[in-house]
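Only one chain is shown below, in structure tokens, and it's the form predicted alone.
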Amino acid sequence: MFGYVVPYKPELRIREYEYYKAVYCGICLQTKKIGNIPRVFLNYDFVFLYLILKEHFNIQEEFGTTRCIVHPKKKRVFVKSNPVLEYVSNQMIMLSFLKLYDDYIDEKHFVSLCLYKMLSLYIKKITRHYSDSFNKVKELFRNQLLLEKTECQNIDVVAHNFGQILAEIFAYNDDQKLKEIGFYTGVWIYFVDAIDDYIDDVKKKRYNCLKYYLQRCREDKTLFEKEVDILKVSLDNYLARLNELVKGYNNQLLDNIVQLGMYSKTQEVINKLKANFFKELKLS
């Protein structure tokens, strides 16, 4: 994923933050069992996936302490291996593998191609237990690339396809509620990433699903403000549905992430777009 699904730290209690870090370290150590290279792709979005699955399946956790190469002086607490942690680690590697291919297609970066080739060595091993799910995700990913390559102008079609990718990843044991959580998380991530990257994508002539939506605003500040407001309402609606689904778990850390962290991130990327849209994209 992209690192947008994170807690709002100023409202996080110390014990919640320490637990959050313990999950992150747990995923890192679980991934190390596959290999050191995949650990490079560790990001906080997968902590969110773990927290959802842990609450949904009422996983009883055990904790340990260890030092690592990043924190050699002080031992850190980590969540010990369990079936959900293993699943999350494998999904992280699988999605990173597909995203590297996407990066290579978009940017033609040699580094992305090399990393993609390296991760391909692990894919057969980690997907042997999830071959049906992996094939579904691959098919949806191919469709995502096709939509972007053909510069699809329907922003809902592109974002909803990405939502379906995360729906499959979240759907441990093919659970429908988890699919719905994954879908709304994925749609929100896709739009937030599109807003965050909009200026760079326009400058570098890369596809962005908001290109046609915002292009007609480049000479009209009033229209721009109106369109961005509509976009924000849509994002808030996605988060409201996600919040309804997550609230049932009665977990304050999850509530913090959805009710504060994701809303805060929405506002942050919108403020960035508003501050730079007319300044950076002057008409020639």
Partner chain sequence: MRDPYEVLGVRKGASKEEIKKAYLELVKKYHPDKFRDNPLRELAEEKLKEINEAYNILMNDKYTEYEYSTYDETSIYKQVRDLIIQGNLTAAENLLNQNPRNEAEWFYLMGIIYQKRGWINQAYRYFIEAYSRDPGNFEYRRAKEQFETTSRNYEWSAYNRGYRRHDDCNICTICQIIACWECCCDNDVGC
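This structure is a prediction, so every number in the text was calculated from the model and none was measured. Numbering follows the first chain given and starts at 1.
The following text describes the form predicted in complex with the partner chain, which does not appear among the structures shown.
For residue 275, no non-hydrogen atom is located within 4.5 Å of the partner chain in the predicted bound form, even though that partner is not displayed. Proximity of residue 232 to the partner chain in the predicted bound form: non-hydrogen atoms within 4.5 Å are present. The closest non-hydrogen atom of residue 120 lies beyond 4.5 Å of the partner chain in the predicted bound form. With a 4.5 Å cutoff on heavy atoms, residue 29 does not count as touching the partner chain in the predicted bound form; it lies far away.
Residues with any non-hydrogen atom within 4.5 angstroms of the partner chain in the predicted bound form fall in just one of 196-204, 156-164, 110-118, 78-86: 156-164.
Contact check at 4.5 Å (heavy atoms) against the partner chain in the predicted bound form: all three of 191, 241 and 259 pass. Between the options 215, 66, 237, 43, the residue in contact with the partner chain in the predicted bound form by a heavy atom within 4.5 angstroms is 237.
Contacts between 8-22 and the partner chain, taken as any heavy atom within 4.5 Å in the predicted bound form, involve 8, 11.
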